[in-house]
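Okay, so we've got the same protein chain twice, two forms, each given alone as structure tokens, structure 1 and structure 2.
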Structure 1
């Protein structure tokens, strides 16, 4: 019964778009802060939102790239970035919503990348890496272009949340559960870990070298 429910494909696309919008906003805000012009802000928004998936598909030889055939990605990102730049004074009001959408994006991007990895008959470990890759490389490239130390490698529970979700999927799959349930659980776990990390200020330890 449940596997006729078309949950993952359509819902995942909607969640993906929430994540895309969150990434476009985050990229635009950082680019504005750096003094980039309108076109520069749109470029950083594009890199932040679809850079990870682009490099993933290039590494996996999946052509044409997803955003070359589905124009919604470029349109949604460009529109988001333009609207934000025109109404930038709304920034402070969207800060909390951004974190919420960003967590949705982390979950959706991880599931999409993980599924792509599994579909290529790769080892589970590599599929987990594809989930992380899709979720964080866009933000990594954004920070590299803006000449910032990558946020995602420092202070935030991003990679860990993505891996936790993938491991949950694999555990449930090993237990014989339905793919739909596994994907839903994976989405939920990543979203929950990320929101809890924000709420309770969780960090992975960082071992600083003594000079």
Structure 2
């Protein structure tokens, strides 16, 4: 069994840190592209990386907030942002880089938020909502601060990818598969769906009345 070698709590923490780094990179890339100063880039990175989890925990009345009891979050985000600002000139394709790291953050945070919802004994639908909430709110706030139309409001296959991964987890869990396998499968599905949507230009249809 995989859990013999990888403890679930450790795996989730690693996933969380992976998502934190990805979102810190995405936030810093956009802020630097917009001409923000050093502090501004760090602020955007922080909002992007921990904004969704913060509002999720506030909604669920989970206190103290995770990043207040574990300073590794703030340290990792700040260090990632500073390092990226130094080497920003190496990122020539800002849009592609932003969307790639955004997809990693989407997948990791969807899993984290979804698992938090399940741990709180919430209904599966609400747990899925917590996964989506954790994954998108940071990016939503990032885009607003940077005066961009939020990515999740642009007919992108974004929320849909998060929901698809959560449904896959529930289906595998119902079939009795190991929790760690379910988490990795959910992570892979979300990332794959998002990247395929970017590659093949998949979009959700808009609904308009026909004249």
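Rigid core (definition): largest C-alpha set, two forms, superposition within 1.5 Å. Numbering follows the first chain given and starts at 1. Computed from a predicted model, the values in this text were never measured in an experiment.
- Here the chain appears twice, and structure 2 is the form predicted on its own.
- After superposing the rigid core, the C-alpha of residue 196 moves by less than 2 Å between structures 1 and 2.
- Remark: with the core as the superposition reference, the CA shift of residue 54 between structures 1 and 2 stays below 2 Å.
- Relative to the superposed core, residue 161 shifts its CA atom by less than 2 Å between structures 1 and 2.
- Superposing the two forms on their core, we find that the Cα atom of residue 148 is displaced by 2.7 Å between structures 1 and 2.
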